[in-house]
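Read the single chain below, which is given as structure tokens and is the form predicted alone.
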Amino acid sequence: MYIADYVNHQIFKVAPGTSKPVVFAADAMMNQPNDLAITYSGTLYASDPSWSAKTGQLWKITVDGRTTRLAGQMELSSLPNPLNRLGTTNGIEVSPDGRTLYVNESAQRKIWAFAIDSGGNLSGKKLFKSFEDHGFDGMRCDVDGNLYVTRYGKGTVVKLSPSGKVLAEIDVLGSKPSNICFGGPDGRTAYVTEVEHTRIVSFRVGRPGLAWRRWQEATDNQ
């Protein structure tokens, strides 16, 4: 399990069968690593917002803990265009085929899609979806590539197709859903942390979550 340390600019790793977190990666240039996504090969991507400035960064973390800043706020002129212009980066996820990284901007209400190359680097920034109101937080894909996004302030989780079409919107019984994951015996239960009432809400979905399916495959291969 990997844990973003929001305060101390680092990522923790907890090995299977243990409960002790150890520092896996750290970088003083991080604002406050927030959400994480992982590829099939184990490369991590981290969103890194600066809430006060309404800007953000993206980081790649390799399996040996090396950090690379892939995109960041506008004032970082050392970063190549056009990736160095990001708002308040928050939710982040990798598509099932490993070729697309989705990143949302909470304050700007936009979701971006980046192409991932063979080295794990990003290119081809494209607007995937934008909304007129309310922010975003966590995002996770199902095995078909549909993207589930928490709508912080609206109290829903929106299900988007791989082309960005709204397929459904689920009420989570509180106005501030933050993170989301999939689990249960068949991977078809969505679990959402909800801040207003400080609780976890669950609902059923049609297809298993991507991370759940990968965990099953890894377990079967052991």
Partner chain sequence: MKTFLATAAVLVAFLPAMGFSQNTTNFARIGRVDRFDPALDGLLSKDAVIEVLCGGFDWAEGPVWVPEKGNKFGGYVLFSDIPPNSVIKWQEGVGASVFLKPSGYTGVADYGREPGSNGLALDAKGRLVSCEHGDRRISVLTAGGGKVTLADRWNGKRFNSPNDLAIRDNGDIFFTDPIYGLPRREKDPLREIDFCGVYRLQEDGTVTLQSKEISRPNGIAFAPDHKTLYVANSDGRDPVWRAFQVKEDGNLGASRPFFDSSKAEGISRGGGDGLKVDAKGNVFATGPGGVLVISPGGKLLGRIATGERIANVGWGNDGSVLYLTSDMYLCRIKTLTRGAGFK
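None of these values were measured; they are calculated from a predicted model. Residue numbers count along the first chain shown, from 1.
This protein has a second form, the form predicted together with the partner chain, left out of what is shown; the following refers to that one.
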Contact test, all of A15, D171 and Y191, partner the partner chain in the predicted complex, heavy atom 4.5 Å: yes
Candidate stretches 22-30, 64-72, 159-167, 191-199, one within 4.5 Å of the partner chain in the predicted complex by heavy atom: 191-199
Distance check, G135 to the partner chain in the predicted complex, heavy atom within 4.5 Å: yes
Non-hydrogen atom contact A53 with the partner chain in the predicted complex at 4.5 angstroms: no
In the predicted complex, Y102 touching the partner chain (heavy atom, 4.5 Å): no
The partner chain contact in the predicted complex: Q57, any heavy atom under 4.5 Å: no
Contacts with the partner chain in the predicted complex, stretch 103-122 (heavy atom within 4.5 Å): S106
